[in-house]
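Below you'll find only one chain, the form predicted alone, shown as C-alpha cells.
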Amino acid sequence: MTIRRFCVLGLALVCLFGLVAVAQGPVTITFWHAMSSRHQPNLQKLIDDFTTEYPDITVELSYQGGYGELQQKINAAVVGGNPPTIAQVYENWVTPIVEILYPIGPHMTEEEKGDIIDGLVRSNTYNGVLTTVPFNKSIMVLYYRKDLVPIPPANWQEYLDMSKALTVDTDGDGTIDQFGTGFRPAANPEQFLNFLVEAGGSILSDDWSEVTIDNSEGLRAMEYAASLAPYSLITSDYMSSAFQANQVCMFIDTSAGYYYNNQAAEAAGCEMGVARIPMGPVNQKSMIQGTNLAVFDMNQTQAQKDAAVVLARFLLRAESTVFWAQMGGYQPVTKSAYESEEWESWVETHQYQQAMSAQMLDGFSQILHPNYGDIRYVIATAFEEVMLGEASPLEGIKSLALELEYLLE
C-alpha cells in the first residue's frame, strides 16, 4: 500500500470514528463547567451549533460554580464513581486522576493535534499522550493609559524607568497618588512567573525532582520585581478598580480582563492601550491561563466517551475557537484559527488583539505537578513579602525554595 493510500485510509477511519457516536443512536453526555453568566450564552451557542450538526448527541451543560467549586465537585464525583462525561480542568487537576481519563489525542487526526498552538501541547500531554485539549485560554499582556504612556515599554529597563517617572504625589501631601504600575502578588503570582521565565528560570526541573527557582535566574527575576515595588500599587483588588481611580498608569493582566479593564478606562475618561509584556533578559514569553477539556473514562458508556471526543474536536475547530474568543475575551487555541480570514478581520478592527495574538503564540503554560495549587500559593506568599518590603529578594527566593522542597517531599 502506498503512503498516500495509507494516509487517505487513516483519515477516513478517523473521520468514521468521529461519527461513531451518531451511528450508535441517540446519546446524552454531561458537560461540567465554571463559566459565569457572562460566558454561558456563548457556550450555549456553541453547544446549539454542535447539536445541529450532531442531532443524536444531547449535551447537558451543568454550571458548577467557580473553579474552586468545580474542582471540589469533580474530586467528589470521582470518589463516588460518578464523574461527568466531560469537564473543564486545570492541568494539575488532571495529574492525580489521569488514569481515569479517556485520552482525546489518540482519537484526533495528526492535523488536528498539530494545529494546537505549541505553548498548549505540552500542558495537555500526560505520560507522552495528548490526554486533554485546551478550551478557554487567556494570555497576560500589558495594559496602559495612552495619555500617560504614548509608547509602551519594550523591555524591563523601559518598564522600570517609566514606572518610576509616572509615580507622583499629585497633590503634594507626601503620599503617592499615582503609581507607574501595580501588582496583585497574593492573587496573581503569575505576574512573577512571567519575570521568572523571561529571565530564563523555572520553578522545578523537567522531571520535578529538583527545585530550580533559587538559582541566578530566579533571583534576577525577584530582584527585578523588587526594583518595581517602590513605583507599584500593591493590592489584592482587581487592578481595574485602581485604573478607574487613576491610581495606576500601566499593569500586567490577562487578556480575559480586557472587557473590565476597558470599562474602567472609559469610566476614568482615558483611552486604554494593550501591548506585549516588556521583554526580559532572555525572552518575551507570557503565561497562558485558563482550563482544558477532559473526558472521563469512569461510569461512561463507549458511546458517551466517543460523543465527548466529537464535542472536544468540534470546540477545537477554527470557527469554534474564534467565536469563543470574539465573544468571551479568550484567545483562540489553534494555529489555523489565527490564520483564518475571520480572525484576521477581527484583529484588524480590534487593534488590541494584535498584541494579544502575538503574545499568545509565544506563551507558556503552568506545570503539571499535582501540587501546583500549593506551589502557586507558596510563590504568591514569597512574591507578596518581597513586594511589600517584608523580605529581601534573596530572602524571598531562599524561603520560597525551602517551602517548595518541602512540598516535593
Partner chain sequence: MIKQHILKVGRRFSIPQEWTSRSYWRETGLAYLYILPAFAILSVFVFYPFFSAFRLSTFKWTPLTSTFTGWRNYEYIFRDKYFWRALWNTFYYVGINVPVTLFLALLVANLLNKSLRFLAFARTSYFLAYITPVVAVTMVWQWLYNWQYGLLNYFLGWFGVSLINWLGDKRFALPAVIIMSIWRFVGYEAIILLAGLQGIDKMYYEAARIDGASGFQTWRKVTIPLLTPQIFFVFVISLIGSFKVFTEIYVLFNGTPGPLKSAETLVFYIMRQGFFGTQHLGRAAAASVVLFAIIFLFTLFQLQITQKRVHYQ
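Numbering follows the first chain given and starts at 1. Quantities reported herein were computed from a predicted structural model and do not represent experimental measurements.
One more form of this protein should be noted, the form predicted together with the partner chain, which is absent from this view; the next part is about it.
Proximity to the partner chain in the model of the complex, defined as a heavy atom within 4.5 Å, singles out one entry of A187, A226, M279, A268, which is A187. Just one of Q71, Q304, T131, S336 comes within 4.5 Å of the partner chain in the model of the complex, counting any heavy atom, and that one is Q71. Not displayed here, the partner chain is approached by D177 to within 4.5 Å at the level of heavy atoms in the model of the complex. At a distance threshold of 4.5 angstroms between non-hydrogen atoms, D206 is out of contact with the partner chain in the model of the complex. Taking the partner from elsewhere, P106 is found to have every heavy atom lying beyond 4.5 Å of the partner chain in the model of the complex. Using a 4.5 Å cutoff between non-hydrogen atoms, I97 counts as a contact of the partner chain in the model of the complex. The partner is not drawn, yet in the model of the complex one stretch among 209-217, 77-85, 108-116, 133-141 has residues with heavy atoms inside 4.5 Å of the partner chain: 77-85. Every residue in the set N92, D237 and E403 has a non-hydrogen atom no more than 4.5 Å from the partner chain in the model of the complex. For the stretch 363-390, the set of residues having any non-hydrogen atom within 4.5 angstroms of the partner chain in the model of the complex comprises N371, G373, D374, Y377, T381, E384, E385, L388, E390, in sequence order.
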